[in-house]
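Consider the single chain below, provided in structure tokens and representing the form predicted alone.
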């Protein structure tokens, strides 16, 4: 029974299904006869399932199959090199990393590469930007496309010069003949008819990319290419976009979750000058020349709206609700015999609340129709998924929908869906003009999806030597990411059981791995205490994975774990945690102080060691680790959605407190570079060790076990 999990194939486990983990909003604005005929045209209608379409489509703007060189790169006769990718930039550093990857293989400077991202009319479908998959999947694809173009440059030059191609190398964007001194550049490639035909061929998956030892650009820190536009304000985020004749939209929201509209008087809003009112089933919205007018119109509609309410559990009833609605019931421990033979048995429940992503920029979209063609610019991590969402909502062929994603202000797994784009498009179609729709912070807190809450139940047995003999780990509701224990246990099973959560749920940075690591690493400390063992020693006794051992031992050494754990000081404690997710490894050691008067937990110091294979950009990787730590502090200590009677009670930053500068502790971050290993993403895994290390430090300081996140001491 080693390393066995009963998890179904969920979005946490299936890389192709990230967007399926989100509770989608089912928009459907009806299919008129004219639109149906336009959609079908004349001739044969063939219907493919989604997997079949994904396999058949390819090239720029197509599906997930390998694109041609020309769909990945364009060489201009003016010397401009353009690289195309379906990935987005939401602050995680993909723009710099992908530009580096292309420049490395093309043998040009970073400044010579122009990157076009996330425009479905121009770029190949590189999939959703989620799951730390840009580094292990899209970077290699860009490198292969650029390497193929570099090899083609050499091939054409060798043909023209009748020179042995093995004697030719690309430097500074050109091939030079070592004998005659002639050169052939990418600019020349663009003007060569043979090259143009060859560029349309698929990228050879076997093309050789540059070994790590020969990297000149990758492996070094590279500033974000559009940084000047960001700091000067020249860049236009989705909420900044303006079009001639544009109107501003607002949507009528229900007063509570599950409430349905039973009646409304549209006349007061329609009487307002310049206001367009849309009522389409449960969708009611307005478009107006100014934001002020749009707000006034929607407030007038809200005063006349009549609603039918449904009962809804509160946050105080959350865990009982999740357990009651567990699909198939709560499974029993499959190891009753091992439990009965164990010298010691521990059983505990851990609780994890709902939290919001709280991105810097709330959802925003600009929609514009040209006859039956729709263009939507918005902030999303899933441009091609949003294109499909828009096409379904308006019953359009996907080639009639264009989604453009400017660099936007944060996602963290929270912008996989395109509801704001669908809403803007519905208003724009009625108005006959472009419409900008910008969610307020309250709308973002209430109607965007949440990181799922969890009830996690663990039971384990220890033998007479103090070693783990059996392990049963059960996650109810939040997911299977990071659910498998890395520790060696003869009999173990980890399970994820779906439940019916009371709030809209979806992806979050590291998905359910944060909840699963919190419960597992806190429980490991409890097991260590049960046998009077040092938490570090206890972990290492059960840990064989060399990469996880390396980060844990390095963090403990840098932190001075052994001495600091043994040294007892009133109100001061240390804790540690480690884990692995998405192919990378992390360990954290934390020092906390308990302020007795306020009964407040102050995190004073965090040492985190992270390893993600070969590091592509050290500064950006360090920034990702810092961002994970700081973001992780919020759910660890403060963040929690409060809801009652179907209403969010803390839908503002005044009442929902995210970490501030004053909350940031001293950070000691160490990156373990492994140039012998393939690089993987760094944007998620560093968050998973933060909360359990803090909880374990709180016990060391106070003697109180806290099994809920956020971690709060009893009053």
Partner chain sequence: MDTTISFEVNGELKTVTTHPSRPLLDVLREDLGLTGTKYGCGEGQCRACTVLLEGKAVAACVTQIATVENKKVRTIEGLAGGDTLHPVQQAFLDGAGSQCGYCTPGMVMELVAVLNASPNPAEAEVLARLGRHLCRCCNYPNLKRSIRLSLRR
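Positions refer to the first chain, counted from 1. Model, not experiment: these values are computed from the prediction.
The protein also exists as the form predicted in complex with its partner chain; that form is not presented, and the subsequent description refers to it.
With a 4.5 Å cutoff on heavy atoms, residue 228 counts as touching its partner chain in the predicted bound form. Though the partner is left out of this view, residue 216 does not reach within 4.5 Å of its partner chain in the predicted bound form, counting heavy atoms only. Taking the partner from the other structure, its partner chain in the predicted bound form has a heavy atom within 4.5 Å of a heavy atom of residue 440. Proximity of residue 485 to its partner chain in the predicted bound form: non-hydrogen atoms within 4.5 Å are absent; the residue sits far from the partner. For its partner chain in the predicted bound form, the listed stretch (427 to 435, 134 to 142, 291 to 299, 207 to 215) containing residues with heavy atoms inside 4.5 Å is 291 to 299.
Proximity to its partner chain in the predicted bound form, defined as a heavy atom within 4.5 Å, holds among 466, 359, 313, 583 only for 359. Proximity to its partner chain in the predicted bound form, taken as a non-hydrogen atom within 4.5 angstroms, holds for one residue of 283, 257, 237, 319, which is 237. Taking its partner chain as it sits in the predicted bound form, the stretch 400 to 431 comes within 4.5 angstroms of it through a non-hydrogen atom at 408, 409, 410, 412.
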